[in-house]
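So this first bit is one chain, no partners, the form predicted alone, shown in structure tokens.
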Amino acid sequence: MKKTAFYSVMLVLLGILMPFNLIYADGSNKIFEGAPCINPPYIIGNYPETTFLFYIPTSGERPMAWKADDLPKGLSLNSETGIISGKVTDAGEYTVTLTATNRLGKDKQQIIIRIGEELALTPPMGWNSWNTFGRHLTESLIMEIADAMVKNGMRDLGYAYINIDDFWQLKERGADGHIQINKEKFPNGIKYVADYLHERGLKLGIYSDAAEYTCGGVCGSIGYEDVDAKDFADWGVDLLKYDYCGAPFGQQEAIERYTKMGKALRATNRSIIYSVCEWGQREPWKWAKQVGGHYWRTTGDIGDHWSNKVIGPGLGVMEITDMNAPLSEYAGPGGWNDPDMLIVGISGTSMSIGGNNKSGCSDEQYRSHMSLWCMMASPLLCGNDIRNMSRETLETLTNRNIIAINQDVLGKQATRSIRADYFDIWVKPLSNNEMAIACLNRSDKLLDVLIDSKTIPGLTANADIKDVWAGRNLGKLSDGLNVKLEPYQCKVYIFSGK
């Protein structure tokens, strides 16, 4: 058989074996329709001489084939799976041209692979177990989430991390000084799960605490940072969420504890993203990057509700937004403000943050929540049960246009240019001299908001406007854009041109 014919047969088999079309009742999934489109991130950071793993996020009909030109020495692409892997010894910035091809066409996209001392050059994207499942996590759940992320298309919109939160470990450290894995929940161990994810181009996150015990009362890492970091690396962990329950309140003590784990992670043979999770009480935006952190919580825990006017534990979306809004100067490539995880689609089903609120937010409120987190360059770590999602939830989490704003290589957090009684206007500079503008209706009333050169300095009448959620071009700004907002709605636009 000729090589080209063999390759075509393999692509067909891949299309049969990999069940890409799921979710919608009519059997469709728009992520896997049409010609190829290579999605962000378009810049990836990795430490020298550590394992590199990157799945090329690509929407479009399957089967699909990938090609990568000018990969740095040490990396290779599996053209059938779209996974780039290997190790790069020499630090530097490498421009790689990716091509994705299916029967309907092809797409080319240049990406930058930066081998050096920075990770998380765009906000991390993925899933975390806590907000829906709490202590009720298992090995099978994590693997099912991985399968769902491939099957429902989230992986092809850039979601890469699957994070195990609290309760994966036993309460007491083993006699050998190592954290003991809860074998009832993870009978095959953490490395088994990591290998399963890595085979699919996904990455594994894990959780610990800068004290003897975690928030849930199981084993933490204080005094054993080197031991635990090495174990995490040996297991194939790619991200650590490091909590602060049971630790001293003072800022200096927190800096010391987070520094120890930061140094221990960096001393391993892996590129491990480090989440500093001390809830913003000690102003981590001023010091967390210096201790090795890649994103840091700026607020208390989020609840599954729009505002604290609704009874329920945790902060509402509006309260968290207001707390994170003034911190834009501290965010950028390699270090991000983290206003906590996404609650999109939880809809009152949480086993850990639901409380008395059994309904969660409306679909409109969840979409506004997604818009705000993307504008604020926040990590996008969803927490719903992605194995079972409504059409509205899937479309909110996988809108390519809004995700591209979050993943823009410039890495700017939006600033709130107008805070009125009932609405906000947010402005986020983008690469290619573009600008994202979001209009948020905070109220339960219909509102009209005007965007023009007077409300947003720098806009001109010749600016071209794109409605991000609708995916529609609206023409020139001219005398202004009158934005009609439904209750709790957030509309987002991209303005380009002079």
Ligand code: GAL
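Only a predicted model underlies this, so the values are computations on that prediction, with no experimental measurement involved. The first residue of the shown sequence is 1; numbering continues from there.
The same protein has a further form, the form predicted together with the ligand, not shown here; the description that follows concerns it.
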Hey, in the predicted complex, does Lys241 get a heavy atom within 4.5 angstroms of the ligand?
yes
Taking heavy atoms and a 4.5 Å cut-off, does Asp424 contact the ligand in the predicted complex?
no
With the cut-off set at 4.5 Å between non-hydrogen atoms, does Trp235 touch the ligand in the predicted complex?
no
Is Ile112 one of the residues lying within 4.5 Å of the ligand in the predicted complex, judged by heavy atom distances?
no
In the predicted complex, do Trp130, Cys277 and Met341 all reach within 4.5 Å of the ligand through at least one heavy atom apiece?
yes
Please identify, from 214-222, 67-75, 104-112, 119-127, the stretch that has a heavy atom within 4.5 Å of the ligand in the predicted complex.
214-222
Using a 4.5 Å cut on heavy atoms, which of Glu319, Asp228, Asp165, Asp408 is close to the ligand in the predicted complex?
Asp165
Here the chain is shown alone; which of Asp301, Glu364, Asp195, Glu253 has a heavy atom within 4.5 Å of the ligand in the predicted complex?
Asp301
Using a 4.5 Å cut-off on heavy atoms, which residues of 193-211 contact the ligand in the predicted complex?
Tyr207
